[in-house]
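In structure tokens, the next block holds one chain alone, the form predicted alone.
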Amino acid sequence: MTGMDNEAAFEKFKSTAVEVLQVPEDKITLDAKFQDDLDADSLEVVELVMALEETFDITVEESELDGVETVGQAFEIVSSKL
């Protein structure tokens, strides 16, 4: 998936998040907090990460998720692996 620009990657990230978290697309912003804004618990965030790994064909270590609270932080991890 080399050469995917950030905008295209975020669109893919967003559609995966909408599907997994069952939230409206307009709620998935870089500033959105999983727990506060998206009402997603830690298990749902792990489910999202597993779906993102499949979508983007990447691997995210559990330790990388420590302290991840926002969509932007999660997207940063994903985009750093593309």
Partner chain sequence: MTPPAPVRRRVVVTGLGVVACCGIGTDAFWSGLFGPAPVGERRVRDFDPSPFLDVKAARRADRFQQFAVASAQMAVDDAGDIGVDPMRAGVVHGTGVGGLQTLEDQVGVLNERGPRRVSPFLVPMIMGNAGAAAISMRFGWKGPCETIVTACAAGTQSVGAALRLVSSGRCDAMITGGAEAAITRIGVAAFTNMTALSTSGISRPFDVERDGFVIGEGGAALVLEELEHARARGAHIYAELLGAASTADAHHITAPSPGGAGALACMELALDDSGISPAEVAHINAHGTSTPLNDLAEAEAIEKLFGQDGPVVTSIKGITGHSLGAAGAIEAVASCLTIEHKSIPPTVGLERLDPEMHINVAMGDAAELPGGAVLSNSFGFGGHNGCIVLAPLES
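Positions refer to the first chain, counted from 1. These figures come from a predicted structure and were not determined experimentally.
Absent from the display: the form predicted in complex with the partner chain. The rest refers to it.
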property	result
4.5 angstroms heavy atom contact with the partner chain in the predicted complex for D36	no
Contact label in the predicted complex: D66 to the partner chain, heavy atom within 4.5 Å	no
E19 within 4.5 Å of the partner chain in the predicted complex, heavy atoms	yes
The partner chain contact at A9 in the predicted complex, heavy atom, 4.5 Å	no
Partner contacts in the predicted complex for 45 to 77 (non-hydrogen atom within 4.5 angstroms of the partner chain)	V46, E47, M50, E53, E54, T59, V60, E61
